[in-house]
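We've got the same protein chain twice here, in two forms, each standing alone as C-alpha cells: structure 1 and structure 2.
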Structure 1
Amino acid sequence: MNNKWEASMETLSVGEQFAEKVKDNARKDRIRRMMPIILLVVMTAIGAITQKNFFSARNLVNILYQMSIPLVISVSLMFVLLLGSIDLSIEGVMGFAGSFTAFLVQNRTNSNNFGIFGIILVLVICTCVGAITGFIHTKGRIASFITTYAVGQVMTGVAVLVYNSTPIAVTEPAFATISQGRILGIPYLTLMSFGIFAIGAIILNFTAFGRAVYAIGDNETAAASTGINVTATKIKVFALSALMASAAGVLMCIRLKLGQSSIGLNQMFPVVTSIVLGGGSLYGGKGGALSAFVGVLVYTELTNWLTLMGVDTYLRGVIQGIIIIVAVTLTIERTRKTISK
C-alpha cells in the first residue's frame, strides 16, 4: 500500500506532491474532527443496546442532570485550555463558593438570609479572585499551574474557615424548588447550566475577546504583534474561569444543600479529560464549545452506563480508565511537540 503510494508520488512533480500531501492532511484532519461525534454516537448506541433503561425518559433526564455541573466547569476550562494554560484553582473556588453560599443563605447554622444577594456576592468575590490570579500569573510571570494551585489552596482554606469545620446545611426553600423543579421534565438546574454554557459558547465564538483567546492559544507572539492585549485577555480569562467555577459551586450547593470545601473535590480533572475526549488540546488553540459539550456528554454517559451495568465496584475504575485511554487515542490530535509533561 505504502509502496504503491510512494510509486505514484514518483510520477508527480514536487508541486503536485505538496498538493497531495496537503489534501491528505486535510482528509485526516476531517476524520479526526469527526471522531468525537462518532464516539458520542457509539457510546450512546452501546448504552441503548446493552441497557434497556438507558434511553428511558428518566435516565435521559438523569444524564442531563448529572452533566449540568461539569458543563459549567467546562466553560472555565474551555477558555483556559485554549490559552494553553490550566486553572487548578477551580476546585478550591468551587468549594469556597459552595461553602460561602451556604453560609449566606437561609441555613441551620446561623441566622443569615441574604438569598439571591448572597449568591451575587459570592460570584463577585470569586470573579475578583480570578482576576487577581490572572494578574499574578501574567504580571508575575508565574506558570498558571503554580499560581492557580496556590490560589486553590487559599480558597479551600478560606472555605473551611467560613464554616468552621462543620458543613452548613441549607434550608433556603428556593434551593429545594430549583433542584426539584422541572420544565417539560427537564430540571431547572440543567436548564440553568445549559444557559450558562450557551453564553460561554457565544462569548468564545462571536466576540473579539473569544477570537483573541484562540489567537493567543495558537501563537502568542503572533497574536501580540497583531495588537491583541495578551495580558488583559489572559486576566479576563482567569476572571471568567473563576466566575464559572463559582457558579458551579453555587449550583453544587443547590444540588447538595450542604456547603463544604469538598464540594469542588475531584471535579476538575474529569472535565479536563472530557474536553480532550471531545477533541480539545492541552497545548492551546484547539478545541472550543463543541468539543467541551460533546466531551462532557460522552463522559457523563460513560459513568451513567457503568452504574446501570452494575459493574463490580473494584473493576469500575479499571474499565473506566481503559475506555478513556482508548477514546482519547482516537480523538486526540498528535502534536509535533514532544509529550513530556
Structure 2
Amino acid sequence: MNNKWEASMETLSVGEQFAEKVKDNARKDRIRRMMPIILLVVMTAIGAITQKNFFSARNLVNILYQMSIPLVISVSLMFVLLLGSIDLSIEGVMGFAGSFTAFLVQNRTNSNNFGIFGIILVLVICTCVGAITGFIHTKGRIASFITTYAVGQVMTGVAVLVYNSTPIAVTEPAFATISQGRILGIPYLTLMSFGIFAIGAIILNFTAFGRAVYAIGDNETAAASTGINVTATKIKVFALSALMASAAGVLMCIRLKLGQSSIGLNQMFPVVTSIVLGGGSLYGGKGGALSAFVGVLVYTELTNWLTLMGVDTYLRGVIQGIIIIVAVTLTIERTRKTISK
C-alpha cells in the first residue's frame, strides 16, 4: 500500500505532494488520537463478554475505587509529562506524606492529635519540597529524572526516620469514617479522588498556567519568546506535582490507616504507562486530562479483568506487559527524536 501511495506521489507536483503529505499526516494523527478510545471500548467489550459480573454494580464501584489513587497521581504526572519532563520523586513524596500524616494525627505510637491541621502541614511541606525540586532542576540545569530521583530517595529516607522503622497505626476516628463511608454506594475516597482529578483538569484546560505548560512542552524557545516565564512555570509544575503526590499519600494513609514509606511503592510507573496508553506523550506538549483519565481507566479495567479471570499474579504481570506494549505501540507518536528534558 505504501509503494502504491509513493508511486502516485511521483506523478504530482512538489506543491501537490506537500499537500498530500499534510493530509496523510493529519489522517494518521486522527487515527492515533482515536486509538485510546478504541482500546477502551475493546477492553470493556472483552470484559463484558468473558465475565458476566463485569458490569455488576459491585464490580463497577470496585473499578472506580481501584482507579482512585492512580487518578490523583495522574494529576501530578500529566503536568510534568506535558513539559517533556519526569518526576521520579512521586513515590518517595507519597511515602513521606503518608508516614508524616500518621505521625501527626491520632495514632498508637505517640500522643499527637493535630487532625486536619496535621494534614494541611504535610501538604504544605511537600509542596515546598516540590518547588525546591523544580528550582534545582531549572536553575541547576540538572535533568529532571536525576533531580527527582534524588529527592525521592531523600523523602523515602526521611519517612522511615519519621516512624523510626516501625509503621504507625492510625486511630484517628475521622480516618475510619472516611475510609468506610459511602454515598450512593460510592466510597468517599473515590469521590475525593475524582474531585481532585477534576480540579487538576480545570487548572490544565481553563487557566493561563495550563496553557503555558502546553506551550513550553510543545516548544520551549517559542514559549519564552511570547513572554512566558519558563523557569517559574516549571517550578510551579513540580510544586503542584508534589502537592498531588502528597494528597495521594494522605489518601493511602486514610485507606490503610497506616503510615509507612512503602505506601507509594510501585505507584508511579503504572500511571506513566496509563497516560501514554491514553494518548499522552513522553516528549511533551501532547496529552492532558482526557488522555490521563482514559489511560487510567483502560489500565484499571485490564487489571480488574485479569483478577476476575483468576489469572495467577505472576502470569498477570506477563499478560499486562504484553498487552501494554502492543497498546502503547499503537498510540505513541514516533516522529520526534527527543524523549525527555
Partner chain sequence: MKKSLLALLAAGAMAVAAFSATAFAEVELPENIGEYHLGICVLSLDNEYWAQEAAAAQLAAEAYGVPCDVLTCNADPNVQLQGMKDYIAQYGDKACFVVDPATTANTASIAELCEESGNYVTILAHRAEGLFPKDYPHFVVSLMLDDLANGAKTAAALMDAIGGEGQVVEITGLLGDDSATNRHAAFEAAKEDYPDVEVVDSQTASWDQAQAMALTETWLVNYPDLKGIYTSGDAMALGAIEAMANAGVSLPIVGCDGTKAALEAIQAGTMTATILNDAYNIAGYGAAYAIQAACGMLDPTTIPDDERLIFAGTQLVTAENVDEIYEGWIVNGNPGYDYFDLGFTVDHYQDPSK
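Bear in mind the structure is a predicted one, so any value in this text is a computation, not a measurement. Residue positions are counted from 1 along structure 1's sequence. The term rigid core refers to the maximal set of C-alpha atoms that superpose within 1.5 Å between the two forms.
>> Looking for the form predicted on its own among these two structures; is it 1 or 2?
In response: Note: form predicted on its own is structure 2; the other is not.
> Would the C-alpha of Thr50 be classed as shifted by 2 Å or more between the two structures after rigid-core alignment?
Replying inline: The answer is no, as the C-alpha of Thr50 shifts between the two structures by less than 2 Å after core alignment.
> By how many angstrom is the Cα of Asp312 displaced between the two structures when the rigid core is overlaid?
Replying inline: Comparing the two forms, Asp312 shifts 2.5 Å at C-alpha.
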